[in-house]
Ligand SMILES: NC(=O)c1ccc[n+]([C@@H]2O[C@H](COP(=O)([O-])OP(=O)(O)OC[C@H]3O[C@@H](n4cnc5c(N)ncnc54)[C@H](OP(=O)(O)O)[C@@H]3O)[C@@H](O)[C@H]2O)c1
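We begin with a single chain expressed as structure tokens, specifically the form predicted on its own.
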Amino acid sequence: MITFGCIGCGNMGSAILGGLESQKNVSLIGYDPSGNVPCTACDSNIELAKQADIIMLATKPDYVESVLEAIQPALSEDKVIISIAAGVSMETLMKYSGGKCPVVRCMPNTPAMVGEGIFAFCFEDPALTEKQQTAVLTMFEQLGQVMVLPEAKFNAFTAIAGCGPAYVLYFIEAVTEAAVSVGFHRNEATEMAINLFKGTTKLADDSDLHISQLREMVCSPAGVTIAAVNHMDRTAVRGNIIDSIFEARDRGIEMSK
């Protein structure tokens, strides 16, 4: 039995705890200053660290240093720390944990809340054993797609997959507003926009055709769709999306310094 402890039980921490709840060989404990913990609650960070085999830091980046320093006395080489704090480097995690146990960097995204997340893991701490790495991967593979990446790619991953749900939701909002503008009631417009993305994503996932081919299937010669797509190209929608991801990546790099 592995005891998995989560420090910080906000949206993402709670989502991960909820996803792990069905795993029979995992015991869940949590601590949050608010007292809102969706599993067995601990009275303090240090109490959790003493009990847990795997300690997940699901706090804001600004709190990582103080939390790690507070739990240092409870750390040992047979425990693992997983940090999902954006922009907090492996070097920083290793520094403030005092090198007393292996650290892992993880970047999830919000679809993890419905079991459809993407998780990037960095396993570059030489103190991490193969057994510990396997245990972490086995647990998280049941919550969504898992990728093992070098830390050098973490800012890029964050800009694409970590921030990505906001981009998709932004586009859904825009389609919804357009539908309202042409006469649909807001509830109809919202449902239509959500199902548009849901169905199209499933089509792209299930099809053997390239995404570009699937798009071209909708763009009949001299039709209404190609008129819309041409307008997007003339107004550099594609280029602006790419540049937005670059902006997010560069901001992540700044935060990591």
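Don't overthink the numbering: it's just position in the shown sequence, from 1. Owing to the predicted nature of the structure, the values given are computational and were not obtained by experimental measurement.
Omitted here: the form predicted together with the named molecule. The next part is about that form.
Remark: G5 does not count among the residues lining the named molecule in the predicted complex, judged by a heavy atom distance of 4.5 Å or less.
Mapping the unseen interface onto this chain, A52 falls outside it, with no heavy atom inside 4.5 Å of the named molecule in the predicted complex. Remark: P33 counts among the residues lining the named molecule in the predicted complex, judged by a heavy atom distance of 4.5 Å or less. Looking at K60, you'd find a heavy atom of it within 4.5 angstroms of the named molecule in the predicted complex. With the partner omitted here, the residue from L75, A85, L128, A179 that has a non-hydrogen atom within 4.5 angstroms of the named molecule in the predicted complex is A85. Judged against the named molecule in the predicted complex with a 4.5 angstroms heavy atom cut-off, the residues G13, V67 and T110 are in contact without exception. Judged by heavy atoms within 4.5 Å of the named molecule in the predicted complex, the contact stretch among the candidates 130-138, 179-187, 100-108, 143-151 is 100-108.
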